[in-house]
Every structure is written in C-alpha cells, then in structure tokens.
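Two separate entries follow, structure 1 and structure 2, each one form of the same protein chain as structure tokens.
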Structure 1
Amino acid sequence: MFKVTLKIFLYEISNIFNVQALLSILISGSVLYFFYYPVPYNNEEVRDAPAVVIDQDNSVMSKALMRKLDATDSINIVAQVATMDEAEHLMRNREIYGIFWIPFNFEEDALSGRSAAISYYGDASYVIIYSKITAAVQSVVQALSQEIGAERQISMGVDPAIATGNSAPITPIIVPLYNPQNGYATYVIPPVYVLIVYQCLFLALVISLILGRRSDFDKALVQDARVSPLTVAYCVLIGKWLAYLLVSMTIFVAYMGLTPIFYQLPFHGSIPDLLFFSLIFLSGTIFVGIFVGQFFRKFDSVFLIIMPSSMFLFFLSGMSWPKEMVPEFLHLLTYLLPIFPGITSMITLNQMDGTWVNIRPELIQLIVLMGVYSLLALAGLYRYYRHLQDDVVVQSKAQSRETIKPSEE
C-alpha cells in the first residue's frame, strides 16, 4: 500500500508541473495573481478625488472653506464653474467626482448666527470615493463651524480657551483597529488571497480528475483483479492529498507570509500558526475538490459551472457585503464549503491578532468539513475504481480469448 501511495504521489506531483492545464492554474495562476491583484490598490486609499465648486457667495469665508477642502488628502478642487449644468456635464464625463455649491449670503449667514449651508453633490455610484469625500467635507465643515463659534464668543469677551472649549464640548476619538491606514488594500487583499488559493487549488483538482479519468495509469492500478478497489481508492486519495497539499501549502504560506512584507499590510500571525491552519483548510479544500471533481467529465463544464461561482463565493464571504445581512437561505450555504470559515479565521489570526480560541467555531467547522468530504471523496473514488476494475478485467479476458483462438487453430 505504501509503494502504491508513493507511486500515486509522485505521479500527481509530476502532473502538476508537467501538464499544462494544471501548471497554468495552480502554479502560474498563483504567481500571476500574487503580483497582479494588489497593484490597483497600492495607494491604499482614495486621494485627491477631483471636484469643482460653484461659489455664488464669492466671499472671504467661502474661499477659505474651499482652500480647507482642497487641502485635505481626499479632495482636489480642480476648477470653479458658473452653473450646475456645467458641473453636471463634467460629472457625467467622469472628469470629477464631487460638486460643491456655496449659495449667496453664505458668509453673512454664518457670521450673523443664522444657519449657513454648503451643498455637496457626490458621485454615489463610486461608494468608496463618495464616502471619503463626504467624510472630508464633514470634518472641514465641523472644524470651520467650531472656529466661527469660538471667534463669535471671543468677540463677546469670552476667554479664548473657554470659547474654544465651548465651541467643541465633545471631541470624538476614532481609532481604526486592525486597519491602521484605513486603506482599501488592507481590507480587501488578505481575504481575496485566501479565495484565490482556494479557487486555484479546487480547479486544479477538478481538472486533474477529468484528465486522469480512465487513463492508462488508473487502469494499471486496478489491473490485478485481486486488488481491492477500496484499497486503490484509499491510496489514490492519500496520494493526491499529499501531492496537492505539499504544493498548495507552499503557495498559501507564501501568499499569507509574504504579502505583508511586499505590500506593507498588518500581520500578527506566525509561520507555525499558518502551517497548522493551512493543513486543515487546504486538506478540506482538496477533499472537496476530489469529491466534486468526480461529477465532471468535460473541460467545458468546469468553466461553465465553476468559474462563475467565484463571484458567488466572493459575495457570500462577506467581503463585499456583511454576512449578517445576507438572506438566511444563502447564509446556510456558508456552512458547506471550507472557504468561508477559512477567510474568517485567516483574518482573525493574521490581521486581528486573534488566537485559536477566537476561531474555535470556524476551526471545528473546518475539521468537520474535512472529515465529511474525505469520506465522500473516498466513496466516490471507490465507486469509480470498482467500475473501472470490472471493465479492465472484462477487456483483459476478451483479449486473452482472442490471443488463444489463433494459437488453437
């Protein structure tokens, strides 16, 4: 049994590096995604989003307000236009992402104690840009309001220190935990990397099963009628698992361990934790791939059914939308695949400085999935090799009869 398992392990390792489809998906794809995917997010956060201003007041205060907005990291005032139609034309052409409208009597209303308004029209179809500009506007307007309030009290004879305190009685202190730069790359790259490794590994396994179906290598494994199909299935399962685990663990640890160095992302994990976690997570993924791969016969089916599922997995993982707000019947699907507890656990360990205690439910789920899918994969392989052995034995007997007949004649 050991020799057969070792033979299968070496055969699978050879296939991964020599079969073009497997090499392209598992090795080349992983390397390409590692360098390609984070490039658009190198700047981490939105900076200098272009905007225009319609300043009908044209006062000292309105100009000061525009200078303060332009001085923020998020906003770049690129022009002053005369009408809203002109500004909207620029917005529709995607030349700007924000319009600031300052009405007549803005300064007069502010200094006289009446409520003065500034309107911001943002392109909310770009949620990230819109929210960053909105936050910058709120911050600048709040600071200016406090400044005006303090100056008004000082002009009435109030001590400057007391006036400043009165204008801002409560100061919020906002601390962005686990994402100190408050950047998009820190938010999106780690979970997407887990999904990339999962999908590459899963696809490679499905394709390997399609390519190996009824191959000469498989027929040779069951050629001896005395060999139990269950023994062969068990050896194949272990051999495939070892081969793909070795390769995918190397990729996974490289992804999770080198990403923080390359892209300056937070990392609180450790290599031993990564190795142990990847052993469980990737084993579960391998067994799912072996089990599911037995239902596919053609390459076309893989790309028609599995490839579109990437968007579905991305949605259910909670990266684009909170999992708690996903419909309950879809949320139940997150208990069936290892990718979902895998992403949650990896973020908890690597980014949130969590411990194994913090991911206990996800860890239990991964172990249960690993056990269930390994049994299902074994059952599927046993069924396949039993039928294959019957066919091989029948063919062998037919060939023997054909060989004997001429010699008798």
Structure 2
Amino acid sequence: MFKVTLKIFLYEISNIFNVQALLSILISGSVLYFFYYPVPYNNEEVRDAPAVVIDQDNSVMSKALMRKLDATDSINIVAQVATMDEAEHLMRNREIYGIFWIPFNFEEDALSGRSAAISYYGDASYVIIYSKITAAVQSVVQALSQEIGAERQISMGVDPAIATGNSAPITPIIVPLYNPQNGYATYVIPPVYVLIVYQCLFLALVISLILGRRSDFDKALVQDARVSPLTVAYCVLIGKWLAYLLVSMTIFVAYMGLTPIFYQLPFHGSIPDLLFFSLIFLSGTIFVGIFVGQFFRKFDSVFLIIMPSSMFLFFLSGMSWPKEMVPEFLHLLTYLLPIFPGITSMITLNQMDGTWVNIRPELIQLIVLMGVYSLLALAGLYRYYRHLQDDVVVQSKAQSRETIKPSEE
C-alpha cells in the first residue's frame, strides 16, 4: 500500500510540472498574479487629490486658508476659478474632486465675531477620495477655528490658559491600528493573496481530476480484481494530498513571506506559524478540490463556473463588507469552505499580530472542514474507482474471451 501511495505521489508531482494546464494554473498562475494583482495599489494611498478654490474674498485669511489646504497631504489646489459653473464643469470632467468656496467678507466676519463659513463640495461618487479630502478639510478648518476662537477670547479678557482650555476641554486621540498609514495595498493585498493561492490550488485539483478521469494510470491501479477500490481510493487521496500539499505549501509560504518584503507591508507572522497554518488550511482546500472535482467532467466547465466565483468569495470573507452585516443565509455559506476562516486567521496572525488563541474558532472550523471533506473526497474516489474497476474487469474479461476464442477454433 505504501508503494502504491508513493507511486501516485510521484505521478502527481510529475503531472504538476509536466501537464501544461496544471503547470500554468498552479505555478505560472500564482507567479503571474503575485506581480500583476497589486499593480493598481503600488502607490498605497491617495495623495494630492486635485481641487479648486473659488475665492471671492481675496483676503489675507482666505489666502492663508488656501495655503493650509494645499499644504495637506491629501489636497492639491490646482487652480483658482472665478465661478461655480467653471468649477462644476471641472468636477464633472473628473479633473477635480473637491471645490472650496470662500465667500465675500470671510475675513471680516471671522475677525469681527460673526461666524464665517466656507463651503466644501466633494465628489462622493469616489468614496475614498471624498473621505480623504473631507478629513483634511475638517482638520484644517478646525485648527484655524480654534486658533481664532482662542485669540478672540483672550482679547475679550479671558485668561489665556482658560481660553485654550475652553477650546479643548478634552483631547480626543483617534488611533488607527494595524494599518496606520491607511494604505489600500496593506488592506487589500494580504486577504486577496490568500484567496489567489486558494483558487489556484482548487482549480488545479479540479482540473487534475478531470484530466485524470479514466486515464490509463487510473485503470492500471484497479486492474487487479483482488484490489479493493477503497484501498486504491485511500492511496490516491493520500498521494494526491501529499503531492499538492508539498507544492502548494511552498507557494503559500513564499506568497505570505515574500509579500511583506516585496511590497513593504506590515508582517507579524513567522515561518513555523505559516507552515503549521498552511498545513491545515491547504489540506482542507485540497480535500475540497478532490471532492468537488468529482462533479466536473469537462475542462471548460471549470473556467465557466469556478473561475468567476473569486469575487463572491472575497466579498463574503468580511474584509470589505463586515461579516456582521452579511445577511444570514449568505453568512451560512462561510461555514462551508476553508477559504473564509483561512483569510480571517491569516489576517489576524500576519497583519494584526494575533496569537493562536485569537483564531481558535477559525482553527476548529478549519479542522472540522478538513475532516469532513477528506471523508467526502474519499467516498467520492471510492465510488469512482469501484465503477472503474467494474468496467476494467469486465473489459479485460471480454478481451481475454476474445483472445481465447480463436485458439479454440
């Protein structure tokens, strides 16, 4: 039995590197995506979003305000226009994403004790740009407002210490954790990379099952009528699992380990952690692949059905849309595949510096899935090899009868 398993293992390994479909999906595919996927996010965050100012006041204060806005990281004042129409035209053409309107008497109002107002129009059809500009404007106006407010109170005779205290009775500090520079790449690359490895491995397995269906190699395994199909199925399961685990673990650890170096992302994981985790996660994936692969007959169906599912998986993973807000019936789906706990736990371990304690429920889920799918995969393989053996035995009997006949005559 050990010999058979070893034979299957070697056969699968050589298939991965020799069959073009497997090679291009598992190896070339993962190498290509490693470099191709993050291309849009190379710059990490939005800097200097273009905006214009309509300055009707033309005062020292309005100019100072403009300079302060321009000096922020997120805003770049590209022009000063005379009318709202002009500004609107630019915004509709996607040349600018923000308009600041400083009205007449802005400085006068601010200094004389009346409230001065500036208007900010932000293009909210691009949410990230909008919130970037909004945050910057708010902080600039806030700072300026506090400055003027404190000055004014001091001039009214309020003690300076109290005046500044009045303008800040508490000090709110808002701290972003794990992705402090608000980088889009930091947010999106780690989970998507887990998904890419998962999809490549899953596709490769399904394709290997389709291509291997009723192959001579499979027939040879059950040629002998005395061999139990269950034993064969068991050997195939182990052989396939070992072969794909070896290759995919290498890919997975390379992906997870090289990403932070290559794209300068935060990373708190360690190689032993990665190895242990990938053992569970990828084994589960392999068993799912072997199980699901039983239901596919045609090469094309894989691409028509499995390939387009990646974006569903990503949106269900809770990375972009919180899992608390996913409708219940869709949330149930996340218990069925190892990719969902896989993404969550990789994020917790690698990006957030969590420990194994923090991902205990996910680990339990992964182990349960691994167990269930390994049994299902075994059952599927057993069914397949039993049928195959029946056919092969019948065929060989028919053949032997044919060969005997002429000698009788």
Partner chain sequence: MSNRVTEATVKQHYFSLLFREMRVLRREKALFFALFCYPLLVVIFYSALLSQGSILQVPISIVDLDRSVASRALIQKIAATPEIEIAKRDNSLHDAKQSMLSGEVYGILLIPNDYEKHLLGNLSPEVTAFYNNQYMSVGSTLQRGFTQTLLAVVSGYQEETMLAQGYARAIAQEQLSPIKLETHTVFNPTLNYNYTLTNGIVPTLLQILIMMTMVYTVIRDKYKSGGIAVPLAMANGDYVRYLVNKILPYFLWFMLVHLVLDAILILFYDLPVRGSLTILYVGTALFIITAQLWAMIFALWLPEKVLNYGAASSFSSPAFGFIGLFFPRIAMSWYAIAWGAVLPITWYVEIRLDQTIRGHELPYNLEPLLWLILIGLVTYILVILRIYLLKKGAKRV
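Treat the numbers as computed from the prediction; the structure is a model and nothing was measured. Here, residue number means position along structure 1's sequence, counting from 1. Basically, rigid core = biggest C-alpha set you can superpose within 1.5 Å across the two forms.
Matching the description of the form predicted alone is structure 1; structure 2 comes from elsewhere.
Relative to the superposed rigid core, Q56 undergoes a CA displacement of at least 2 Å between the two structures.
T334 is not among the residues whose C-alpha shifts by 2 Å or more between the two structures once the rigid core is aligned; its shift stays under 2 Å.
Once both forms are fitted on their core, the CA shift for T259 between the two structures remains under 2 Å. At I102, the distance the Cα travels between the two structures is 2.4 Å after the core is superposed.
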